[in-house]
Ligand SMILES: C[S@@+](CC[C@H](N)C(=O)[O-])C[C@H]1O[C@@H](n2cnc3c(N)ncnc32)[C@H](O)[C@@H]1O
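In structure tokens, one chain follows: the form predicted alone.
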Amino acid sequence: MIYFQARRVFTACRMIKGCLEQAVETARYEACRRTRAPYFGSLLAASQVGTRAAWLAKCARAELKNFKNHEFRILEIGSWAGSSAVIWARAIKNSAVKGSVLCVDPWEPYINQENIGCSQTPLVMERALQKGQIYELFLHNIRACGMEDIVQHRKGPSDQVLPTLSEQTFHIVYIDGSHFYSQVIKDLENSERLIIEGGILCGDDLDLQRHEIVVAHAQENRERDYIRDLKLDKPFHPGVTLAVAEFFGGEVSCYEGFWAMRKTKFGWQKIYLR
């Protein structure tokens, strides 16, 4: 009896703590919107990049360091609240290089209960998309960070927007849209022609690579957002893992989920970030 009473008290305390944290975060979000400050917090899953932000910045700085041409161009597929777009733009602004970031995102609902897998985050994102909150927050964050002169955007599905872009015009293409295999593989294929020789094709959410997982299980769930691997008991995005391995023919250079490969005359090569 004492055990069950203690469990109820513990559960109630956790609920109260969660409600208080939500209230504090909501107040911070509203204050940022009111004072025109950027918001990249936990509300609306707006803090998308997390610990991988450093690797995005390192990749951009490495490519910008010896750039001598007219304009450094970055294409981002999937922008959400704009956190990664701001990282790319800030790297350009802090360099001596003229550049731009083009963000492509439909900012429209695409998730349902059946294909989310083992994480509830996509449902939080879905509710935000249905209310139109994320597109508004993206525009707010770009303005609040002072990146309007560098960041442009095209609102629409990548399947429709990418074919309209000119060949070999981007130095970095970053894929962070839908995690479903069918969409990731299309984004990879549609991006290849857009990258200049020597440019970088990269993306997010490669938690595990194909050689690490139970492939048959991933194949069965490749149109789900997030599952746990049967061998390692670690969560990963099966669609991203399978599509990246298929497109590049094997293992890629990867840093805490941020993956990147260089396009050369002879094929794709790994890159090394420090």
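Computed from a prediction, not measured in an experiment: that's the story for all the values here. Sequential numbering from 1, following the sequence displayed.
Quick note: we don't show the form predicted in complex with this ligand, though the next part is all about it.
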ask   = Any chance M125 has a heavy atom within 4.5 Å of this ligand in the model of the complex?
value = yes
Heavy atom of S83 within 4.5 Å of this ligand in the model of the complex = yes
task = Could you confirm whether C202 comes within 4.5 Å of this ligand in the model of the complex, counting heavy atoms only?
result = no
query = Do W107 and this ligand share at least one heavy atom pair within 4.5 Å in the model of the complex?
reply = yes
query = 90-98, 193-201, 165-173, 71-79: which one contacts this ligand in the model of the complex at 4.5 Å, heavy atom to heavy atom?
reply = 71-79
query = Pick from E136, E189, D159, D149: which residue has any heavy atom within 4.5 angstroms of this ligand in the model of the complex?
reply = D159
